[in-house]
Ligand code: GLC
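This document opens with one chain alone, in structure tokens, the form predicted alone.
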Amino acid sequence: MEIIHVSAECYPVAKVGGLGDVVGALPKYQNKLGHIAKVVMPMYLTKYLYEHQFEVVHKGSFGMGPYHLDYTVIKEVTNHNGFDLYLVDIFGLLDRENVYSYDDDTFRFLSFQIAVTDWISHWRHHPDVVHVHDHHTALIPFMMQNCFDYRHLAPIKTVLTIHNAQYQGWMGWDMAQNIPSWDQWKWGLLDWDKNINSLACGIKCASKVNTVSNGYLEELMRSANGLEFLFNLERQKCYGIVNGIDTEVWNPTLDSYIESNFEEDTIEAGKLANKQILCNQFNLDINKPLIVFIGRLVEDKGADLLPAGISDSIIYMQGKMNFLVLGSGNKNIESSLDSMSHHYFGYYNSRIGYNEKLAHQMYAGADFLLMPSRVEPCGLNQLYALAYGTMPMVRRTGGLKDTVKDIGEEGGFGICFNDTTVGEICHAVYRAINIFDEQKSFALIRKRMLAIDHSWEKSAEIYLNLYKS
């Protein structure tokens, strides 16, 4: 089976969030299972582009309203990532340093989708599945079925994976002129609430739709930023598939980013050695439980509650724990967290920004990972934490609810709470302190975490079954 993944992100080429991690891993594991999976993405001006060798495989052009655009498709020649990687270059539009946050992003990603569809239309054969990810690529199924030049692609099956339904690719109807000549009778497939809605269009047109957890799919039936009715209408073709993790990258036995590798038999010594590195670097006490937050500092992640949650915990629980935060995002949240390092010296520290090596070291050395998310379609951080024997402290939402079982339940291995509030965060911290104090039982729970299989092999098989259906 030949599968073409089309995405705005792919690790390690260009990554902003979990989308990049998924697209960087799933195709590799599908290839390991004997299939042919490829990735197509925009050619950003990233470090990866300059450090790897590429060859030109196609040149083409298309009309986009009043514009005539040329595009070039290049292929990475060494199969460095475990799959064929193709980058699409459109001069002045895709060849930029950042993935998002440009004023013309709508036009940029529409041009990318047209270029991909046009390129595939020139193939001498058809792939079995075109698998598109999030709204940046969700118009491709529509164009394959309804643009006159591409209708010969209509028999190809398509899958849309929704990593985050809050972002839907809205655009005004004036943008319709930029879509290659299409069947005007099908305008309703593009429309949602009197605008073109890329994600809604993808849900209507794709052969199958999946979200990145069952819990998130059920949440979207009730709250989907205006698409609730559509999700319920198309429920019969929607599925929830939990993401996996790349065990070649996230593996404490092999991880080159961490100072001390470990496995089940050496987990206690290994985690202590990695914790010592963090405590020395950030002036923290190794004898106290170390609670970390790793991720985007935005409201969806509950990061706006971190300053109050951390300070209240330190004050009311008399500093019986340490906190370490790594992330970037909202500037006000960044400023609040950064300034706290002086007030709570010896109990708290932060690193504003993102550092891949430090993130791995924190998963390896921390005792607990805090995730008070308001929205978490799947979540990968909790899966990384489990792989390193770090107990997740999570709000019951989306994929967090699907992947973390509270220690109060039989076979439990995490701390779960129901609401994103300062009070719930503090109560979770209180529970963490008590768990940490019971070192023998905590050691057994750590080994239980390491035994859980969240590898991509399992999820890749489920995706293959979805294609076959």
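One rule holds for the numbers: they count along the sequence shown, beginning at 1. Note that the structure is predicted; figures quoted are calculated from it, not measured.
Just so it is clear, the following notes concern the form predicted together with the ligand, a form of the same protein that is not shown.
Proximity to the ligand in the predicted complex, taken as a non-hydrogen atom within 4.5 angstroms, holds for one residue of G309, P377, P372, G389, which is P377. The listed set K301, R395, H135, K275 contains one residue whose heavy atoms approach the ligand in the predicted complex to within 4.5 Å, identified as K301.
Contact annotation for N243: at least one heavy atom lies within 4.5 Å of the ligand in the predicted complex. Taking non-hydrogen atoms only, V212 approaches the ligand to within 4.5 angstroms in the predicted complex. The shortest heavy atom separation between A460 and the ligand in the predicted complex exceeds 4.5 Å. The ligand in the predicted complex comes within 4.5 Å of a heavy atom belonging to L19. Between 156-164, 222-230, 345-353, 202-210, the stretch whose residues reach within 4.5 angstroms of the ligand in the predicted complex through a non-hydrogen atom is 156-164.
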